[in-house]
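In structure tokens, the next block holds one chain alone, the form predicted alone.
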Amino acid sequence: MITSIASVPLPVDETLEIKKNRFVPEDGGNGRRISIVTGIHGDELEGQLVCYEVARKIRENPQKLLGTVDLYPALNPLGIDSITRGIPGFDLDMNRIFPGVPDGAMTEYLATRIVKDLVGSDLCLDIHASNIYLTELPQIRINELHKETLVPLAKEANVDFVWVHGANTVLESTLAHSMNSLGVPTLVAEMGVGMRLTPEYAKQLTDGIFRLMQRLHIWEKEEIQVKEPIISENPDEICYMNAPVSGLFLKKKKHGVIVEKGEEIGAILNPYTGEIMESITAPSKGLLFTIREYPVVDEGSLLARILKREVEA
């Protein structure tokens, strides 16, 4: 059943509505609940395909549903409609206003309504894509303040990589931090690239969601194989590669592969002179889990991230 969880009037006789679709067994279910949210950033669409896949599977197999599944495909509908990362007209990142204020500005009111509706979930999954500049391997990002609760759940999510961040990198105004602080275990998934869909990643994460639903007794047992993710809790394992000069970045490696130390992953070109300005080589052997997708770079632009560890692709 599709319902509105927040509604505010807009100019010219329009209304902004944030909606969810709730799936419940015919007998009302066992009281267990998972909430799947996405679309906080309007240029991140990978989660929309995941919502579609989850809804499709439930509709095709309603007898297997034991608890409640809430889908929130578009927390920032104005951003999605206008292909804008933030909230149009406010120049504001929606993932920096949680938990909101009930009697605050429109954006703060919307954040409050979202948080209120999510409270009571046994698990919340906040799905992001990367931005338009980078492509990411499917991963779960966790802050170390909640790792004891979240890492065991992340292992079931069928991602390639679980990245545990230090507490000093936590942004307290994000949805995930707000929900975890309120006692709702919340995982942040990141995968793919902005403004695009990666069907194989959507299928991969959808399988992980149904595995999690089984763990929570929301879905009947069935055979679902999930990946054993690489888990990193050491910030020194993550190597950031930034552009030494401005130019046109031509990638030569696909994310998800193992690169050797000194191996070329791309080059920065000068379109005016026809010269290679810089060859970009891996400073260490490891898993290339992030790669630059948008080719125009400025000095300092992020080009890649490598997990510096002896792992298998």
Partner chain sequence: MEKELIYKIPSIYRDDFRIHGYRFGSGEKTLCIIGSMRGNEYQQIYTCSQLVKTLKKLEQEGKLCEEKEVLVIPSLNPCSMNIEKRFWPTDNTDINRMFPGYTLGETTQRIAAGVFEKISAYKNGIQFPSFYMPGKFCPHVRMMKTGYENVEKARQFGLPYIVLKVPKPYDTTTLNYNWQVWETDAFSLYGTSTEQLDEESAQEIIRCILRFMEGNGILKEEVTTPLESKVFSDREMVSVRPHKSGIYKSMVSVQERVIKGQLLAYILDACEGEIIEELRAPVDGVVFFEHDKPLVYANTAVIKLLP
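Numbering follows the first chain given and starts at 1. Small disclaimer: the values here were computed from a predicted structure and weren't measured.
A second form of this protein, the form predicted in complex with its partner chain, is not displayed here; the remarks below concern that form.
Trainee: Heavy atoms within 4.5 Å of its partner chain in the predicted bound form: which stretch in 242-250, 54-62, 24-32, 258-266 meets that?
Mentor: Going through the listed ranges, the match is 242-250.
Trainee: Going by heavy atom distances of 4.5 angstroms or less, which of Val226, Ile83, Met106, Val119 would be at the interface with its partner chain in the predicted bound form?
Mentor: Selected option: Met106.
Trainee: Exactly one of Glu200, Glu148, Asp91, Asp236 has a non-hydrogen atom within 4.5 Å of its partner chain in the predicted bound form; which residue is it?
Mentor: Of Glu200, Glu148, Asp91, Asp236, the residue with a heavy atom within 4.5 Å of its partner chain in the predicted bound form is Asp91.
Trainee: Flag Met277 as yes or no: does it have a non-hydrogen atom within 4.5 angstroms of any non-hydrogen atom of its partner chain in the predicted bound form?
Mentor: Residue-level check for Met277: yes, a contact with its partner chain.
Trainee: May I ask you to check whether Asn270 falls inside a 4.5 Å heavy atom distance of its partner chain in the predicted bound form?
Mentor: Answer yes; at least one heavy atom of Asn270 falls within 4.5 Å of its partner chain in the predicted bound form.
Trainee: With a 4.5 Å heavy atom cut-off, would you call Gly183 a contact of its partner chain in the predicted bound form?
Mentor: Answer no; every heavy atom of Gly183 is more than 4.5 Å from its partner chain in the predicted bound form.
Trainee: Find out whether any non-hydrogen atom of His217 is located within 4.5 angstroms of its partner chain in the predicted bound form, and reply yes or no.
Mentor: Residue-level check for His217: no, no contact with its partner chain.
Trainee: Note that its partner chain is not shown here; using its position in the predicted bound form, name the residues of 284-304 with a heavy atom within 4.5 Å of it, in sequence order.
Mentor: Those in contact are Val296, Asp298, Glu299, Gly300, Ser301, Leu302.
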